[in-house]
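This text opens with one protein chain seen in two forms, each one given by itself as structure tokens under the names structure 1 and structure 2.
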Structure 1
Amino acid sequence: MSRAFKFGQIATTLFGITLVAFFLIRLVPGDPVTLLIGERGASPEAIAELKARIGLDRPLVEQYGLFVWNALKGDLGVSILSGRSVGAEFLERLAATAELGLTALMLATLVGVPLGIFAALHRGRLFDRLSMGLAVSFYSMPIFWWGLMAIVIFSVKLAWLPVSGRIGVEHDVILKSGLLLVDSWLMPGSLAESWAAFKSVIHHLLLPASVLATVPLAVIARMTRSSLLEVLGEDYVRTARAKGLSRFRVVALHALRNALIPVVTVIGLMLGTILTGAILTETIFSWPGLGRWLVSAVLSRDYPVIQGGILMVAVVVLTTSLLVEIFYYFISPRSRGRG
């Protein structure tokens, strides 16, 4: 597949996303203006005036054209509800979701990969059965329920971790990067205060990130196990063993290198799963991220937020999968031949 073709595909998909985001949401009964000022209480003239101000009185095709044209110029419009720029709001929310999602992905990788490796090395034995049983249970977990249970156990009963939010109210962190893990070090005040704020951020992250990590952890562990088992059956592994290399050397230096290629790919492509999980996790933990932002925008028919937000989410997802593909191209010589 040529590079130009690939970019053509992505462009077509993005074009499709603009169509879906723009027209689907206008199929939803009820418009933002009526929802904003209520069905009663406003004169038809006032409603018409507000609609004209937002540009909702123009023909649909013209509105759509304007949306795409402005989006190409990097302007996603202004939220009807908050009056703020959609692009700025998106970046702010993205940072919150990224902090949660990347922490979850890191947790899932740090636990999932070793679990998969040990399961593969002890194939058929108790550890393998137990860990793979655990993995399939995690994979089947309704995380909206899991999150509630986690709150009951760790926040309410044991009182170890906070129930919701991103940081304790007593810390005055100023948003710079949007990632509180970073911003807690950039805040004014002593190092001790920064450290306290940082600890508070970690405390708030731990529970939602673990809940969000549940499904990815299972996928990564299972993928690592089956991939390593496959590689361990290859001739070159047998050759390495026959040369008299230690089992550790064979697994760690020879087999793992190839076995982890599909695992890395899966981790990269897990972004969609993370975002889906984030929508549910953010609802449970009142996390001010993308998921809650978009859901409340859909419920209040905030057209600019929905169309701009969905478009940007798609851009993020497609960019990541493209990066994964490029990465795959470089680390797996086999995929290059097919080009």
Structure 2
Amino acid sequence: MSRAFKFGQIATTLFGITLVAFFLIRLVPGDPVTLLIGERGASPEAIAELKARIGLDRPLVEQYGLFVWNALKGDLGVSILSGRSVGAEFLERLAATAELGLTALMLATLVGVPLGIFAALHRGRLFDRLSMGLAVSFYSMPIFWWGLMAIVIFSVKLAWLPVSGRIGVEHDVILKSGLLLVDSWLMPGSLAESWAAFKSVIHHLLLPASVLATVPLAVIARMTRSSLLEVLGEDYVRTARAKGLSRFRVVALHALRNALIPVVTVIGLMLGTILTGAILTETIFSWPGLGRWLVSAVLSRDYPVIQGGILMVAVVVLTTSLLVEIFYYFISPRSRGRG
């Protein structure tokens, strides 16, 4: 696939996303002006004046054209509710979502890869059936249901983990990087205070990250199992066994290295799934990230936030997918022959 074709696909996808983000929300009954001033709270003249001030009095085609043109210049507009730049609000919340998403992806990888390896090595046995059945259950389980059940069990019944927030209110951490795991560890003060704040961050992060990790974990586990089973049937693996190498050396040095190449690709592509799941997870756990921000914008019909936020999320996902493909090109010799 040529580079020009690939970038053409990305440009076409982004164009389609701008259409969906702009027009779909306008099909929902209600508008931001009515929500701001109330259905009975102002005269028609005041409503018309407010619409003209925020640009909603123009034809839809003209509004869409201005949105795309400004987006090309890096201007995503201004939030109707807060009056702040959409780009600035996006960057403020990106760190919280990134911390939650990367933690979830790390948990999914640390559990999913070994689970898939052991399932492949015990193919057809009880462990294989139980682990893959559990993976299918995780994949099929709606995140909002699993999140509510996790809160009931681990927060309400057992009182092990907090329900919401990123850190305890007793800790005063200055946000520099936006990642509380980093900022709490490097906060000024004694080592005991830093450690207490760091533990509080982990305490708040564990439950939502575990809920968000369920679907990626299932995909990674099943992909690892199927990929390793395929590699274990290759000629070079059978040759290594015939030479008398131990099972550990055959699997670790010969089979696993090649089996993990498609798994690495899947792990990278899981970012889109994680960002999608974060919308529900952040809402359930009151996590101050992009998902909760976009849900609030939809409920308040904040058009610039919805348009700009969805577009920026799409840019992040597409950029990640492109980087994964480049990485796969370098680690997989077979992909170079097709390029």
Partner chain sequence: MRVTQEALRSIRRNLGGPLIIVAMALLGLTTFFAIFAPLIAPYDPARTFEGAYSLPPFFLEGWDSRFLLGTDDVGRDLFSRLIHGARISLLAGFAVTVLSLTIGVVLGALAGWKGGFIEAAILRLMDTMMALPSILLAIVVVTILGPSLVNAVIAAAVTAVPGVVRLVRATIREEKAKPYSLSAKLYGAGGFRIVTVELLPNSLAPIFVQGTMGFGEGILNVAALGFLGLGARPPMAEWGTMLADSRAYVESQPWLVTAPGLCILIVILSFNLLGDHLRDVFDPKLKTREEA
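Please note that residue numbering is based on structure 1, beginning with 1 at the start of its sequence. If you're wondering where the values come from, they're calculated on a predicted model, not measured in any experiment. Note that the rigid core is defined as the largest set of C-alphas that superpose within 1.5 Å between two forms.
Looking at both structures, it is structure 2 that matches the form predicted alone.
The candidate at the hinge, the spot where one rigid part hands over to the other between the two structures, is Arg93 among Thr214, Met270, Ala259, Arg93. C-alpha superpositions between the two structures give a turn of 13 degrees for the smaller rigid part relative to the larger. Taking the core as the reference frame, the CA atom of Ala52 shifts 5.3 angstrom between the two structures.
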